[in-house]
Structures are given as structure tokens and as C-alpha cells.
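A single chain comes next, written as C-alpha cells; it is the form predicted alone.
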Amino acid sequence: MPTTDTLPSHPAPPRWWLIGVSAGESAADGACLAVPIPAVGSVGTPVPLTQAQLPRFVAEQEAQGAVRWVWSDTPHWARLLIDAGIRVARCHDLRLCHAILASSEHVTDPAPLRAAAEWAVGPALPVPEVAPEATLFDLGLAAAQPDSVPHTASAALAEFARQRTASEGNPGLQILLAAESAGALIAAEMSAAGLPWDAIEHDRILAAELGPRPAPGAKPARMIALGEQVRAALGDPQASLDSPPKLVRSLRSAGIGVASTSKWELMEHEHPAIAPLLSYKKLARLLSANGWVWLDEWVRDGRYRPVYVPGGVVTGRWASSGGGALQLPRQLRPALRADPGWRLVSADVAQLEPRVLAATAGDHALAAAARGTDLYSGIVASGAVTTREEAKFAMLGAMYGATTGEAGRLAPRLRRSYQAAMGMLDRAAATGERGGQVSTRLGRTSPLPSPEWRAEQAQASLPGASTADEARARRASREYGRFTRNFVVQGTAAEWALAWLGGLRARLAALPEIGPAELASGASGRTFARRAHLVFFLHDEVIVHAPETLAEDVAAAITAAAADAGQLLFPGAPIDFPLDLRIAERSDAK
């Protein structure tokens, strides 16, 4: 399979226009400048505009052919245009691109970018997150929200010049910047259009799970009944089920030796209180995260409009800063309902990260196991393991750095069968254990370990270091190695997903609008009322809201965009990215 050096050359850029606030003005004043930026040479004459004039100006430029808009942050500028019914084809988000370039090890001289600290999204620290598999974990990076006030045009021009210099001659980084910026447009558009949501169905689901809607401040009937069961089983009528420290004390008093109230730890114990307590905790999560208060706050006029944060996780995955779009529980999926005459076209990728691992590592054996079939079944057919469950557990364990239990036992089998893939993961882990950095396929680079991490390593190296110091340093080293091991896979998978999204958005824009005599989706807003549009994205899954007459065309566009993304990142690689496609009025996806 090709290496990063064989990535296709970035196509010649379209015309560039920079949009920024006029000097001496603020975003609230409404005065802005549109500045033409040639491929070479000095910038052209700025065009002064009011924010009321901006949409018409942008529409005129879009009508003249390919153009890319450069601006400080997409949520501000794109929303102005979307609300006016204008959809742009391309942009360059200076804040998101700054975050990539300032930390990329592929930038020869990042010092000018790092000195422009006003363009940084904000400080953040890696925080472990428990993965669905109890023995695995991911290391995320919660991104601070960008400043909502755009920079002046002159400051934006200076930053764009720094970014052009930093990415010059690196097609991988240039593709990544374009994909990240396209993701920002998609996030803004999805928030504006909203996800079609059936509030009545949502209320029905809540009532079925929790009981009738209680009075404000009161608990639902089913939670009250479960709470009584737990307290009776514990022999503690005053047990507080909503305070973890107090609950731990009550559990210990009943002879249940736990250190926390986590689901995984509670499931290790047999006691009459455990089953109702787990049920209570599940309902409590549903109530707090997506209960009636959430429904009142986030669903309006048949639409759920969350706030997405592209690049909100250090690997490049998205996060959300409002509405919890990336944590929607499965039982609420039936509330996703298309408008009359429309359909939800959804798709998710089968085993995205293992397939990305095979392509990135150039592992022909793993690619062969995945080609045209379920990857885990292919691993079984290759003789590496005996069951699909073993294959899934072993592969996830390898990517997330599990060294004990069943995943640890199966790891040697994967190493024998898929030497290139396992070798790439092991090298990435070793780099992290030394405090080094690793990069994704296109050039997103992992952060350096924290100063506290380095202090621990230094303390363990001193002549008088204790056994505890050495053990603590080894543990921290292994943990960071597990982070870098997964970074190269999860980060590259996020890049594939961005390429998929960007390609799909372009293909949807090429589909016809429905005519005035047909049923428009008015709740989606002026920009998307008559055309198929993305309404949901979660790591390896997309949902498009489409006129019923175009649903099959949308399904074909989703499939074609996935194939394009594979060829963009892994040209010529013998790996496929099969999709589970569905066309329905309601979503019942994962």
C-alpha cells in the first residue's frame, strides 16, 4: 500500500476571498471587509461591506465559479450566510487550521504560528475517557470554545499568510486543512437545519421508560419505585442513590465492597440491591441527559439543533458543546423522524478503525481479511482466532493498548498474523512511552505529554528515586503509550470521516432541489427547505434528510463519497469501506 509520500497532489486552489471585521470596528457593528487573495503576489483592493450586504456579495462570487472563503471562525460567518439562504461551497477556517499547523511535527518552522497565540482555540489537557469496552480507554482533549468575536481583516490576512507558508509543499496537510474546514461548514449547517425530531414520540419513550412526567423537581414514578427496592435490599431507608460518596458508604455498610458506583464495578458483585440499582442509574442518566427538561430546551418546531465542535477531541474527532448530539442513547433513536414526503437516509461504516489500521500500516493480510466481508469474520477465516467475538475483542484491545485479560491473551495471535499492523501500533506506543509525538495519515500530530508527566519521569531517574516513584513513572509512560498507539488509528479514521463528509456534502449540493409544487421542509430553514442535507454525524455514521424522490440518489451519493474518501487517503490500497445503508421515515440506527 502507498505511504504518505504518495498522497495525491492538492488541486490548484480556487479563487480566495478573505472576510474579516473592518479595522476599528467590532463584529457587533456589522462592518466587514472582503479581501481578494491571489495565488501569488499581494492582496487585491478590499471591498467594504455591511453584514446586510455580505450575503448578496458572497452569492455573486459563488455564482462566478470556484471560490474559497477565508475567515476567522466558521460558526460566526457561515451562520450569517445560512440564515440569509446562502450556502458556500468551500472555506478555510483560520482557527481550526491554526490548531492543526501550530502543533504538527510536519511543519518545518511552527514558531511564527505558535507566537500568534491569539489564534489558539484555548488551553486543554488530555483526560482519560472510558471506552465501551471496560478494559480499554481513549484519551480525549476537550477543546475550549473559540472567541466569538472575529479578528480584523488585517489580522486574518497575517494569519493566513503564516498558514500558507507552514503548509506549503505538504499535500497531506493541505488536504487535512481543507477537510477540517469543510467539517466546520457542515457542523454549522447541521446546527442551522436541525435534526428532524418527533417530540411526541420522545415523550412517549420517556413515559414508557420512566413513568408519566413528574412535577418539576420530583422524580419519575419508576425511579422512585426502584429507589425503594434498593434501600430495602440495603437495609438503609435513608440511602442516597444520587450521591456517589454516600452511596458507596451505604453499599459498604451492606457488605458490598466497592470503591466506586461505576456500572462495571457494581456488576462484579452479587447482591439483591445491584440489579435495581443498575436500573435506577440507567434511568437517572436518561432523565438527566435527555429527559423532559432536555426536550423542552433543545427541541423546537420539530427540530433538534445541537452545537457541534469540529476537532473538539485531540485526535480530530468532533465533540459537542450543547445538546449532547454525540451521546444520544439508542432508545431515543425512534424520535428521529423525517418530515412528510421526506426520508432519513442513514449509513454507518463497518469496522472503520481496523480498516484504517490495515490501510495505514500497509498490512495486506489484514486488508484481505476485510475485503468484501465483515472484518472480524475475515480474521476468523484467516485462522488467527476461533470466534468473531475473539476477533473483535483482540482487535480493539490491540488498538487501545489492552495488555491483560482476554485481549492480552489474544494479542500474540494477531502479531503473528498481521505483523505490519501490529508493528505500526507497537512503534506508536513506544514513541509515546518515550514522551514523543506521533502523527495521523495527513499530519495531525499528538500533543506532547504534560509537564507533570515529564516531572514524574525525571523524578524516577534521580539517584534517590523510590520504588513508588519508578512505578508511578512506568505507569504514566505506559498510559501515554496507549494514547499514542490509538491516536494514529483514531485520528486517521477521523480524517477519513471528514473526507467522507466533505465529499458527500458536495455530492448533495449537485442534486436537484424539489420544485415549488412539491413538499418543502420549511423547518430546515431557507437554505435547506428544498434540498437533501446532512443532519447528523457521529464518528462513522451520517444521516441525510432527503426528499423521498431523491432518497435513492442520496444513498448512491453516500456510497460514492465513501469510496472517494478511501481513494483520497489511501490511493490504490486494496481496502474497502462497506456501509450499512438504510432509507426510512424513522431512524433506528445504532
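We number the residues from 1 along the sequence you see. Each form is matched to the other, and the largest set of C-alpha atoms that superpose within 1.5 Å is called the rigid core. What you see is a predicted model; the values in this text were computed from it and never measured.
Just so it is clear, the following notes concern the form predicted together with the DNA, a form of the same protein that is not shown.
In the model of the complex, the DNA lies farther than 4.5 Å from every heavy atom of Gly255.
In the model of the complex, Thr261 approaches the DNA with a heavy atom inside 4.5 Å.
At the 4.5 Å threshold, heavy atoms of Glu228 stay clear of the DNA in the model of the complex, well away from it. The DNA in the model of the complex is not approached by Arg416, whose heavy atoms all lie more than 4.5 angstroms from it. With the partner omitted from this view, the residue of Asp83, Asp236, Glu406, Glu470 that lies near the DNA in the model of the complex is Glu406 [heavy atom within 4.5 Å].
Among the residues Ala402, Leu96, Met223, Val385, the one placing a heavy atom within 4.5 Å of the DNA in the model of the complex is Ala402. Candidate site formed by Val314, Pro329 and Arg482: every one of these residues places a non-hydrogen atom within 4.5 angstroms of the DNA in the model of the complex. Heavy atoms within 4.5 Å of the DNA in the model of the complex map, among the stretches 180 to 188, 157 to 165, 279 to 287, 209 to 217, onto 279 to 287 alone. Contacts with the DNA in the model of the complex, taken as any heavy atom within 4.5 Å, map within 238 to 263 to Asp242, Ser243, Pro244, Pro245, Lys246, Ser260, Thr261, Ser262, Lys263. Core-superposed comparison between this form and the one not shown: CA of Ile379 displaced by less than 2 Å. Relative to the superposed core, Cys97 shifts its CA atom by less than 2 Å between this form and the one not shown.
In a rigid-core overlay of the protein, Arg434 has its C-alpha displaced by under 2 Å between this form and the one not shown.
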